[in-house]
Each structure stands twice: as structure tokens, then as C-alpha cells.
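So here's one chain in two forms, each on its own in C-alpha cells, numbered structure 1 and structure 2.
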Structure 1
Amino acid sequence: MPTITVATQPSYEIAITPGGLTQLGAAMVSAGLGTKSRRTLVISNPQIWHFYGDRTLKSLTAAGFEPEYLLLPAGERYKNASSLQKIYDAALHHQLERSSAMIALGGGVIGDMAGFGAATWLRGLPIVQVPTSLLAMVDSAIGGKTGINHPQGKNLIGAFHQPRLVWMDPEVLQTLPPREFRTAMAEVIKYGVIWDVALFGLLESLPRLDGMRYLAPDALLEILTRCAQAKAQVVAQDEKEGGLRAILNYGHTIGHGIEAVTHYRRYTHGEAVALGMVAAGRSPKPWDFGPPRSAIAKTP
């Protein structure tokens, strides 16, 4: 199955393994986790935990870890300081050490909050990203951007904290609500626009993009692989968004504004980004809403 290396310092692997959730514990051991502390804290939400919680715990226990878990409410409006405090409280209660790992089992909201919790508890714990949404798989689980929202704007509080491992199991997408799958395609299309012409051609060749049932397994695997490769290539060249990485924000300037003014209730992130890309494409100065021209010039 595809494995992509993200060449940051230190580097880490993105593994795309259908049915691989049961192998999570073993993969963490292979990544060097658990040698000093076996304690782990899995952070998820009730919806995801209902489907995948037991499987995750069994995988970790079988590999010798001592897992605990914390469930946080689902939704962008809960990506805030109150939820972050619950992560800190759980880390303290379960006596996590600097060699203990946090595991984000969920979509982008869980991944961002768990990543920020790991970045800041004891000045930095390992984080393992286990994305369960298409949006998280192609975007937020990769690259080390973590954070929470401020009442005045999205992702204003955060840190760069690269994961030790990104473990993707495409089969978990079978329980993803259709709207979430459909709107995540905005981020997939974004990679085709800004970076990967072949990916854009693949998307054009497919009969429909608005549901997992319309994609053959090999097509879905290629989409995940190409998006992960694109994100890895950009992040390796510009880990902390000093220039080129701004290209990944195409459509996001307006998109984040739409999310904020509608209080994260009317539109999903993907829908807001799609609107932002449409606006950028129609603007007489489209780069006012996306990456700088200097970044575009560096793309392959």
C-alpha cells in the first residue's frame, strides 16, 4: 500500500492502508513510539468512537500500549479553548509523560485540537494522526498545522507540530456522511488546480465526485495518494508557511471568512473553500485571494 515520506525535520510517514485501523498499534511501534512510555491518549468524538473506538483500543492494547480516551463534541464551533482545556485535563489525569503519545482519531477538528494539545502539553508530546474524514486525509492531518479558533477568527491560535505518523484507512470513509464526502472534494480539486495536473485530469474523467459509492477503490486510492504527495512536497519545501506553502490556502481567505460570519453552522469547511475558490477565479486579481505569484512560479 502507498507510503509517502514527508521530508521535514524529523521526517515522518503517511501510510494509506485499506483495513489498516487494526494495525495502528503495530505501526506506532514501527515508528518508534512506546519505547519509553506505553501510555496513550486517544482523542475523538462520540460519532467516530461509536464506529471505530473498540477497534482502535484493541489495536493499541495488542501492541502493548496502555490507551485511554477522551471524547469531545463534534463540530467546528467546538474547536475552542474550552475543548483544549479538556485535553489538558485528560493528559494530567492520565499522567501523560513527554514520551507518551496522543492520537487524533477523527476529522480535521479533532486533528487540529489534538495536535495543538500535543504541541503544548509538557512543551510537546508525539501526535499520531488517524484521519477518518476525506477532508482530513487529503489536507489537515498532513503538514503539522494545529490549533483552535478564536471568537474573532478561525485558526488564530495554534502551533506547527508535525505528527510522528499519519495512518489512513480508506475503509473508514464508508461511514462518512455524504455531505462531508462531497464537500471534501473541494480540497481535492484544489490540489488539481494548484499543483497536480494529472490529478485534475483524473477528476475530470470520473463520472461523479459527490459520493464514495461512485468511486472505484483504485480511483479513491489514487486520489488519496496524489493529494498526500502534493501536500508532502509543498510542506517539505516550506514547513512553516514562509512562502510556497501559502499556495495551499487557495480559496481559504474568503472561505474562512464565510465560516466565521455564519458561526460555523451554515457551511462545511469544504463548502466555504469551494465558494472561496469560485470567488478567487472570478476576481480580476485572483491572487489577492490565494497564493502569491512567487509561490506559483516554484511549482513543478
Structure 2
Amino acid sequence: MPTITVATQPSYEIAITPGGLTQLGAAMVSAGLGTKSRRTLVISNPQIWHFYGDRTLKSLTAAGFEPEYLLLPAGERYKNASSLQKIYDAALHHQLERSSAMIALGGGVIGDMAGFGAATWLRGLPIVQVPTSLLAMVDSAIGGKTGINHPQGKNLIGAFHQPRLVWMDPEVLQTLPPREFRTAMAEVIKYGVIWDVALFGLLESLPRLDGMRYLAPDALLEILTRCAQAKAQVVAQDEKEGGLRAILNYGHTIGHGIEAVTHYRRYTHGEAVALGMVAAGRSPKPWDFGPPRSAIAKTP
């Protein structure tokens, strides 16, 4: 199954394994976790826990971990300081040590919050990202950006904290609500435009992209792999967004504007980014102009 190395310091692996949730514990042991402290804290939400909680706990216990878990309310509006406080309270209550891992089992909201909790509790303990949404798999679980929202703005509080392992099981996407799948596809198309022309070709060749059920398992696997490779390559070259990493924001300037003027209610993030990419693609760039019109008019 595809494994991609993210060449940060230290480096880490992204593994994409259909049905692999049951092997999470073993994969963590292979990544060097659990040697000093066996205690782990899984952070998730009730929607995801309902489907995948048992499997996750069993897998961790089977590999010798002592898992505890914390469920935070679902939704972007709970990506805030009060949820973060709950993470700290659970870490204290369960006596996590600096070598105890936190595990984010969820979409980007859980991944960002758990990642930030792990970055800051005891000045940093390991985080394992187990993305369950398409957006988290192709984007947020990779690259180490973590954080929460401030009442005045999104993602204003945060830290860079690279995961020790990103463990993806594409089969969990079967329970993802269809709109969440579609919206993340905009970010997939983005990688095709900014980085990977072969991915763009693959996407064009597929009959439909707007639902998990329209994609053959091998096509989905290739999409996930290519997106993870793209993000890993960008992040390895520019971990803290000094320059190149900003390429990942293609379509986002106008997209964020659309989200803001519609009060984050009408469009999902991916829908707004899709509109933003169309608009950015149409807007004239200096290199599109060719000779000035006046010069053309004067040419005999």
C-alpha cells in the first residue's frame, strides 16, 4: 500500500491502507511510539466515534497501548478555546507524559485542535493524524499546521507541529456525508492545477467525481496518493510557508472573500474555493496580455 515520506526534520510517513484502521496500533509501534509511555489519548467527535471508535480502541489495545478518549462537539464553531481546554483537562486527568501520543481521529476540525493540543501540552507531545474526511486526507492532516479559531477570525491561534504518523484508511470515507466529499474534491482539483498535471488528467478521465460511490477503489487510492505526494513535496520545501507553500492557497483569496460575504453559511469552504479557482483562472495576468493593444493598432 502506498507510503509517502514527508522530508521534514524529523521526517514522517503517510500511509494509505484500505481497511487499515484495525492496524493503527501496530503502525504506531512501527513508528516508534509506545516504547516509553503506553498511554494514548484519542480525540474525536461523536459522529465519527459512532462508526470508528470501537475499531480504534481495539487496534490500540491489541498493540499494547492504554487508550483513553475524548469526544468534542462536531463542527467548525467548536474549533475554539473551550474545546482546547477540554483537551488539556483530559491530558491532565489521564496523566499523559511527554512520550504519550495524542491521536486525532476525525476531519480537519479535530485534526487542527488535537494537533494544537499536542503541540502545546507539556511543550509538545507526539500527534498521530488519522484523517477521516476527504479534506483531512488530502490536505489538513499533512504538513503540521495546527490551531483553533479566535472569535474574531479563523485559525488565528496556532503552531506548526508535524505529526509522527499520518494513517489513512480510505474505507472510512464511505460514511462521510456526500457534500463533505464533493467539497473536498475542489482541493483535489487544486493539486491537479498547481502541481500534478497527471492527476488533472486522471480527474478528467473519470466519469464523475462528486461522490465516493462513483470512484473505483483504485482511482480513489491514486487520487489520495497523488494529493499526499503533492502536499508532502510542497511542505518539505517550505515547511513554515515562507514562499512556495502559499501555492496551496490557489483559489483561496477569492474563495475566502466569498465565504466571508456569505457569512460562512451559503457555501462550504471547498465550494467557495472552487468558485475562487474559476475566478483566479479567468483574471488577466500580466503574462496573458501580449503586446499592448495600442501597439497592435499601430502595426501596419
Ligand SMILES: NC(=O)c1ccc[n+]([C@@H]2O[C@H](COP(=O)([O-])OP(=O)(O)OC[C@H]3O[C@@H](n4cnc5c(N)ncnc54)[C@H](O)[C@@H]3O)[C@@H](O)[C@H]2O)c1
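Keep in mind that this is a model prediction, so the values were computed, not measured. In this text, rigid core is short for the largest set of C-alphas that superpose within 1.5 Å between two forms. FYI, numbering is relative to structure 1, first residue = 1.
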Could you let me know which number goes with the form predicted alone? 1
Rigid core superposed: Y69 CA moves 2 Å or more between structure 1 and structure 2: no
Cα of W49 displaced 2 Å or more between structure 1 and structure 2, core superposed? no
Please state whether Q233 has a C-alpha shift of 2 Å or more between structure 1 and structure 2, with the rigid core used for the fit. no
Per-residue Cα shift, R266, between structure 1 and structure 2 [Å; core superposed]: 3.8
